[in-house]
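Presented as structure tokens, the chain that follows is alone, the form predicted on its own.
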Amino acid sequence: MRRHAVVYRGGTAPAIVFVGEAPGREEDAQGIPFVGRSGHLLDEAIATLRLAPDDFGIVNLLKCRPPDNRFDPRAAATCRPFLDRQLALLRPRLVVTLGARALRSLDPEAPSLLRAAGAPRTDRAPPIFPLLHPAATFRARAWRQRWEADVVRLEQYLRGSLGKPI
């Protein structure tokens, strides 16, 4: 059973919003997205990107920790209007998806995450920049290396090397 709804962390008018899948144990305990182990890695990436606290926001597709920490597509369908409303209110210039479920939810036409990660999808407004979920990096060294390379690509995109600067 969930302890807290986990809604948002970040600035009031962020240029970039990171969208994850669902709160984990630490997030449920604190009511704040991405504060556990994955959150620490995301925070390191945000520091690498040199984003000020007001420049970004962090949300999840699901607002509550799923039972047994198992993703439920029905819960995602139920929570999707809340995510849509958050994005409409925040009006980011870029959405960075974290993991396959966040990408698939926001861009059903996207290729697989491993093919899409690290490259902006500019056919949408706002554009989407897919990344692996930070938790994946704890499972395999190759995925950690991919995460790091894709964060560099995101930094280049933000600085204008791969497209319009944000």
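Note that the structure is a prediction, hence the values are computed from the model and not measured. Numbers for residues come from their place in the sequence shown, where the first is 1.
A second form of this protein, the form predicted together with a small molecule, is not displayed here; the remarks below concern that form.
With heavy atoms only and a cut-off of 4.5 Å, decide whether F129 touches the small molecule in the predicted bound form.
No, no contact at 4.5 Å.
Using the partner position in the predicted bound form, report whether V17 sits within 4.5 Å of the small molecule, counting heavy atoms only.
Contact check for V17: no, nothing within 4.5 Å of the small molecule in the predicted bound form.
Answer for R104 alone: is it within 4.5 Å of the small molecule in the predicted bound form, judged on heavy atom distances?
The answer is no: R104 has no heavy atom within 4.5 Å of the small molecule.
Answer with yes or no whether K63 is in contact with the small molecule in the predicted bound form, where contact means some heavy atom within 4.5 Å.
Outside the cut-off, so no.
Considering the small molecule in the predicted bound form, find the one stretch among 121-129, 28-36, 44-52, 107-115 with heavy atoms no farther than 4.5 Å from it.
Of the options given, it is 28-36.
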